[in-house]
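First, one chain by itself in structure tokens, the form predicted on its own.
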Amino acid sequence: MSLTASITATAVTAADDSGFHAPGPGSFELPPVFEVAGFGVTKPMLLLVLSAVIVVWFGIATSRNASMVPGRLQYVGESAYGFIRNTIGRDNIGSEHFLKYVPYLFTLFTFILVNNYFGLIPFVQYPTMSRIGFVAPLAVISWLVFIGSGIWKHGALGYLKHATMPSGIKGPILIVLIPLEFFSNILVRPFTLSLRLFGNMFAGHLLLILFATGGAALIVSGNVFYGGVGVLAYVMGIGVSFLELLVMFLQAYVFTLLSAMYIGEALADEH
């Protein structure tokens, strides 16, 4: 068992003795901030709108009044755009078609990144992508984009053949391969995209809540041993927060990278 798991188990066990209840999925269910015509508007909804505003502002602010010698903000914008354009777009989609997909990939990456980092901003502290209802539509959009790209390039039947029939393989083995390829290349991808991002954001934030609330409960328990474990839990929570900085970036990167790879595969001449 890892040190983190050991401390977590000790914290939960000890805190349970003092009446503490470990956080769970219910910790992500927040009451409405206000209602509109009987419809409750929650904090994650507001954060989702705020993230869209931030992404639009970032795009405008970094490209407006662009000059040959870029300022700091323009440099940040151009660096981010260049990273998405070259490292994700061109390398995975190919030089012939990648440019038309860069705006989508750039928006997708920055949108997910902002929503992930909401989880570590003081007084906000809620990674919006820890809600599957917000992640699933993004995966469906990426699915529609790469399916649409494949149909545009090969035609409907041509893309179906392209996605399900590996080139150079003939004979009875295709009876097995075609359903498997259809399942893995067309049906499963939106689910794996959704679950990977959702699972990482949900689990990471749940662990941070546990370290923070469990540590506080242990420190005020009055037991010296429990108090020591509580301080250690806080220290581990700070360490996990730095790790989450990397995980949040990587999850935005992986989601965007896989979307680009799927588009590239759909546009490729061969399976």
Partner chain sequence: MEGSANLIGLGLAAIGPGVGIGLIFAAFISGVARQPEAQSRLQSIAILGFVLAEALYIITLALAFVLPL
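Residue numbers count along the first chain shown, from 1. Since the model is a prediction, treat every value here as computed from it, not as a measurement.
What comes next is about the form predicted in complex with its partner chain, which does not appear here.
J.: Establish, in the predicted complex, whether 203, 253 and 258 all lie within 4.5 Å of its partner chain, using non-hydrogen atoms for the distance.
T.: The answer is yes: all three residues contact the partner (heavy atom, 4.5 Å cut-off).
J.: Classify residue 195 as contacting or not contacting its partner chain in the predicted complex by the rule of any non-hydrogen atom within 4.5 angstroms, answering yes or no.
T.: It does: once its partner chain is placed as it appears in the predicted complex, residue 195 has a heavy atom within 4.5 Å of it.
J.: Should residue 94 be classed as touching its partner chain in the predicted complex when contacts are defined as heavy atoms within 4.5 Å?
T.: Contact check for residue 94: no, nothing within 4.5 Å of its partner chain in the predicted complex.
J.: My question is simply whether residue 148 lines the interface with its partner chain in the predicted complex - judged by any non-hydrogen atom within 4.5 Å.
T.: No, residue 148 stays farther than 4.5 Å from its partner chain in the predicted complex.
J.: I'd like to know if residue 103 sits close to its partner chain in the predicted complex, meaning any non-hydrogen atom pair within 4.5 angstroms.
T.: No, residue 103 is distant from the partner.
J.: Out of the stretches listed (203 to 211, 221 to 229, 36 to 44, 57 to 65), which one is close to its partner chain in the predicted complex, meaning heavy atoms within 4.5 Å?
T.: Among the candidates, contact is made by 203 to 211.
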